[in-house]
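The chain below stands alone and is given in structure tokens; this is the form predicted alone.
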Amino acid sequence: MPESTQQTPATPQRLDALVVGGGISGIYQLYRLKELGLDVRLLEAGSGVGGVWYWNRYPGARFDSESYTYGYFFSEELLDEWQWSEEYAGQPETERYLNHVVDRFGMRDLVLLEQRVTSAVYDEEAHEWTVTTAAGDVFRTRFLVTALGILSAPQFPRVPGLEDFTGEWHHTGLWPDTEVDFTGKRVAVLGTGSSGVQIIPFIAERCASLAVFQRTPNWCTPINNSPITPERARDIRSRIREIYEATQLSPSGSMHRPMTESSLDMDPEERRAHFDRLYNAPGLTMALANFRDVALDKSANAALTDFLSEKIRSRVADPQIAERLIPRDHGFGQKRPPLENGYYEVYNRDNVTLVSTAEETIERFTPTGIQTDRQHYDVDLIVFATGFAAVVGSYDRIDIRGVGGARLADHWAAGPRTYLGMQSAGFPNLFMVGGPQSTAGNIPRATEPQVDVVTACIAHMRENGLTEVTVTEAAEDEWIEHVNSGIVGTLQETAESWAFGSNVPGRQRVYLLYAGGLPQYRRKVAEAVESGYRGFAFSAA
């Protein structure tokens, strides 16, 4: 009689709480639930912690927020012992930092690696979630917290033939932990968003030839990065609470706040001088500390894009290439502007070719390269800098089923439905941290209050003998209306970007983030909690 090939179901591991996602938000959530005394674990799909800073290990990957505003603030000892080396830290340093935090606070044994969650099903009788991983492990948990990240589901172009390509290829969001050697190779990079803008200068210096395939150009500004000297580090540490308070008052969770003055009230020379100061300032100063009307008024925005167009023309030698690099489909700020370091000068190199896919369509990948409707590009290595199915893409990869077996994907068919971006009706005891309709700007500062509220809510339930919490559909409707009102009257209202799912073919255009700013978001959350968790529905067994 032949042996049965049917696998024996794994014995579930029982927990109080389970966190899914080992990035900066998931690690903080694990810390807070451990602090609460819960039996808690964290599941991470990768072989190391770090989230976006584990997966995106491509050359040139780095912060666009100041390092010291991005890290944790919950421990004075941690602030004392960690010194960032750069104003905008690179990926290796950030990954080291997150590993240091996991070890420093005794969480290594609570992190289970190479555990990609495939399903989460709610048991209404037991008031528990059954979570299953691709490795076949099963967990039963009272509380389930997802910290999946808004940019964690890599997307590839819908072009046939990649399986035929005999060369090497990598996605920036799935970069290997071994060195990729570009030396002397013919390379193609698809995509000129943030990751493309960061990696292209690195590749151009090393490869024999580089073909950059650009779908749409972006408004890029210099990062103007610099090392943090010991003197600078001491100054930062002495003002760290002041810095933290500035992040709490800033709409973006950064140290920057928009100016209240109108750019149109200035004479052109004065306005240009101000734009010059912003252009030469570090980081996202141009995006976050500009005139407020740049985000509201087309004429004000056009004055800035005219200035940036001049900058591009001054840095790119070939006038035709310069014009291809100037966006025509959106104003500054309608997409998150990538920060660059020598990006435009790349196109002055003899070994670099810019291919506009608006003019020259990619038809297929071939065994030796890329075929367009005009010619064939022979390449040895392809880099996909093609971004992510943002915000909801990471949820689409998990079969999440709530009350009555209802699928979260169906509940969100017309766009995410949440309350405060933290729960969805019909999915009890499932919390989202850094999910849709709650997150924008400096991610750790945006998710920090969510982690704190999730922790407080679970503590409240345990103290009061409550077994279940969900939110009402009325609360969802109210929150969706509030989220959408945040972009009304701004240039974001007509934007086409990953924040609306515009980069995913066939996806309905819905605003996926939160445009109201961090101070307003914190107020909304505090009002709900202080009014007895308004919008939430609790029950006891």
Ligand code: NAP
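All residue numbers refer to positions in the sequence shown, first residue = 1. What you are looking at is a predicted structure, and each value in this text was computed from that prediction instead of being measured.
The form predicted together with this ligand exists for this protein as well; it is not shown, and the discussion that follows is about that form.
Undergrad: Would you kindly say which of T372, T285, T366, T386 lies with a heavy atom within 4.5 Å of this ligand in the predicted bound form?
TA: Selected option: T386.
Undergrad: Which listed residue (Y54, W498, Y68, Y511) meets the criterion of a heavy atom within 4.5 Å of this ligand in the predicted bound form?
TA: Of Y54, W498, Y68, Y511, the residue with a heavy atom within 4.5 Å of this ligand in the predicted bound form is W498.
Undergrad: With this ligand left out here, work out from 126-134, 190-198, 398-406, 229-237 which stretch has heavy atoms within 4.5 Å of it in the predicted bound form.
TA: Contact-bearing stretch, as computed: 190-198.
Undergrad: Examine R215 and determine whether its closest non-hydrogen atom to this ligand in the predicted bound form is within 4.5 angstroms.
TA: Yes, R215 is a contact residue.
Undergrad: Would L151 sit within 4.5 Å of this ligand in the predicted bound form, counting heavy atoms only?
TA: It does: once this ligand is placed as it appears in the predicted bound form, L151 has a heavy atom within 4.5 Å of it.
Undergrad: Within a 4.5 Å heavy atom cut-off, is R62 in contact with this ligand in the predicted bound form?
TA: The answer is yes: R62 has a heavy atom within 4.5 Å of this ligand.
Undergrad: Can you check whether Q492 is within 4.5 Å of this ligand in the predicted bound form, heavy atom basis?
TA: Taking the distances in the predicted bound form, the answer for Q492 is no, it never comes within 4.5 Å of this ligand.
Undergrad: Residues Y58, R336 and N503 are flagged as a possible site; in the predicted bound form, is every one of them within 4.5 Å of this ligand by some non-hydrogen atom?
TA: Yes, each of Y58, R336 and N503 comes within 4.5 Å of this ligand in the predicted bound form.
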